[in-house]
Ligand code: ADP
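Listed next as structure tokens is one chain, alone, in the form predicted alone.
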Amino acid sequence: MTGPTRIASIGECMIELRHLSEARLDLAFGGDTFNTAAYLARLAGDTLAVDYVTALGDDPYSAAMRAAIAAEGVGTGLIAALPGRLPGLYSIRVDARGERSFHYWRREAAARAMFDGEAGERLVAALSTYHWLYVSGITLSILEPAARERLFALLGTARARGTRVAFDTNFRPRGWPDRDVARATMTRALGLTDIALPTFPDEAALFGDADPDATVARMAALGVPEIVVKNGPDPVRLRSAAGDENVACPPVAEIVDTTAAGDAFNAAYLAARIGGAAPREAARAGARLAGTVIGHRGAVIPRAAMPAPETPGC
């Protein structure tokens, strides 16, 4: 593999309806793995090429979504178009504290079929050539068992060839038939992971972890070499080849909307690590971008609001 480092973010982008008032909605596009891909592309420069992997329909909303993904500088060549299918849809309500609640319409979403059939086989072959693959627990939750097995096989084969895998557990209870299935699936994925990027409240909800140290210990026992536990405004808990440490998050003046804070953190962390930064510096970059994102409405903030690059070591 030559040229820029190639990373594929695999998952589901949806139509986003954000409440401006009870009767007024703003339409955009979002989804955890797309949010991360968009921020990665903004941070990448010329050394990192970011592609998004999903399936859409042949409707006007799918066409607009594809165009929006491309406008972020994210490659769309691995996005399948499935005739007669539609993208998923979700709405966001944000309370006075900036906390959000979601409602989803996605059971028939095209993204659920991205690994199906011969097209899925071709997708697996294409993804095996990437330097990095990024997936989340939401990616796993939308796939049927056979498609999930195909993805797991891809991750195992690609890692054996030198590809690295980054995984955010991103547990959402409504996406799973029950917690036993979610725990087993997440655990299996962690066994195929090079960098884990969990959020502590998710781990407490699914695995009953008492604190971030427990999350780190559990994932390390599964063989994950680099673990980055996000925990809101509390310090980021790291374990890597550089050792164990906690990285403080900078204070945020105003929290407007916490949507995509973790997705943005993951993007900045991965961009920094792929660029050669140490885990501590990468965590600082992640916390800084996440802090900026929660000061704005929506999953993907305007480009003009992106923080200026920080001088390493500051």
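Note that residue numbering begins at 1 and tracks the sequence as displayed. Treat the numbers as computed from the prediction; the structure is a model and nothing was measured.
What comes next is about the form predicted in complex with adenosine-5'-diphosphate, which is not displayed.
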Ile195, Ser240 and Leu270 each touching adenosine-5'-diphosphate in the predicted bound form (heavy atom, 4.5 Å): no
Identify which of Val252, Ala28, Ala44, Ala277 has a heavy atom within 4.5 Å of adenosine-5'-diphosphate in the predicted bound form; exactly one of them does. Val252
Residue among Leu154, Ala110, Val236, Leu123 with a heavy atom within 4.5 Å of adenosine-5'-diphosphate in the predicted bound form: Val236
Using 4.5 Å between non-hydrogen atoms, is Phe265 touching adenosine-5'-diphosphate in the predicted bound form? yes
Can any non-hydrogen atom of Met65 be found within 4.5 angstroms of adenosine-5'-diphosphate in the predicted bound form? no
4.5 angstroms heavy atom contact with adenosine-5'-diphosphate in the predicted bound form for Thr185: no
Mark Asn231 yes when one of its heavy atoms lies within 4.5 Å of a heavy atom of adenosine-5'-diphosphate in the predicted bound form, and no otherwise. yes
Among 66-74, 50-58, 29-37, 283-291, mark the stretch whose residues have heavy atoms within 4.5 Å of adenosine-5'-diphosphate in the predicted bound form. 283-291
Do any residues of 185-217 have a non-hydrogen atom within 4.5 angstroms of adenosine-5'-diphosphate in the predicted bound form? If so, which ones, in sequence order? Thr199
